[in-house]
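This document opens with one chain alone, in structure tokens, the form predicted alone.
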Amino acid sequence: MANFVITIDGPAASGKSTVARLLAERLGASFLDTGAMYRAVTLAAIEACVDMSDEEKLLSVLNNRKFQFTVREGRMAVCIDGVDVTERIRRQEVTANARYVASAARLREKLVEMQREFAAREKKIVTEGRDQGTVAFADANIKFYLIADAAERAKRRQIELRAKGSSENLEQIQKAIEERDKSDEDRAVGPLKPAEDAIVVDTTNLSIEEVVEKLFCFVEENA
């Protein structure tokens, strides 16, 4: 296990991925993007034309393909069977189907093992997800949980999507986010919730830079 682990959990579009990456950069730590892991398995399943609701088939994809996760210039680089898919896992189709992998108990268990294996190779990590402080790294040194109003999160996601050429309206995006929240909170394995010892940070009215600064100062004072 890494000598120092910081977890950042939270719902979709709360800013955790960007904050985690930037905080890791400031701390000289490795950034573990767990969402990239779930997306990688999802992409492999889609390309294999697997029924996304069939856990056995999804598990077969995970067990029979070679997934490699490394840090490249501060970001998580992803390869499947030696092929770089770092950009392909960000496709909208992958985003829409990742929930099937995230809600499959045996896949989550296997992916948590992979997350811990990643951490074991690093001296210091900042990891983000939905169950990092509660399941994957329950003994983490410092745990954060980011929240934000659904309306604000929808605005953030719309900006991201427009930059990629998508034209989804705000109402559709917010509805999707709220449905994802419910799905994440209600699942039996690794449900979305703050760890009992997590520091909850409301990012609704904060810029990314302000959130990073807030977390960085806390780490500096408590490390």
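From 1 onward, residues are counted along the sequence shown. Not measured: the values here are computed from a predicted model.
Below, we refer to the form predicted together with a small molecule, which is not included among the displayed structures.
With the small molecule left out of view, the stretch that reaches within 4.5 Å of it through heavy atoms in the model of the complex is, among 167-175, 66-74, 180-188, 48-56, 180-188. Interface residue remark: Lys143 is not counted as part of the site for the small molecule in the model of the complex, having no heavy atom within 4.5 Å. Among residues of the shown chain, Arg153 is not one whose heavy atoms approach the small molecule to within 4.5 Å in the model of the complex.
Although the partner is absent here, Ala98 sits close enough that one of its heavy atoms falls within 4.5 Å of the small molecule in the model of the complex. At a distance threshold of 4.5 angstroms between non-hydrogen atoms, Arg106 is out of contact with the small molecule in the model of the complex.
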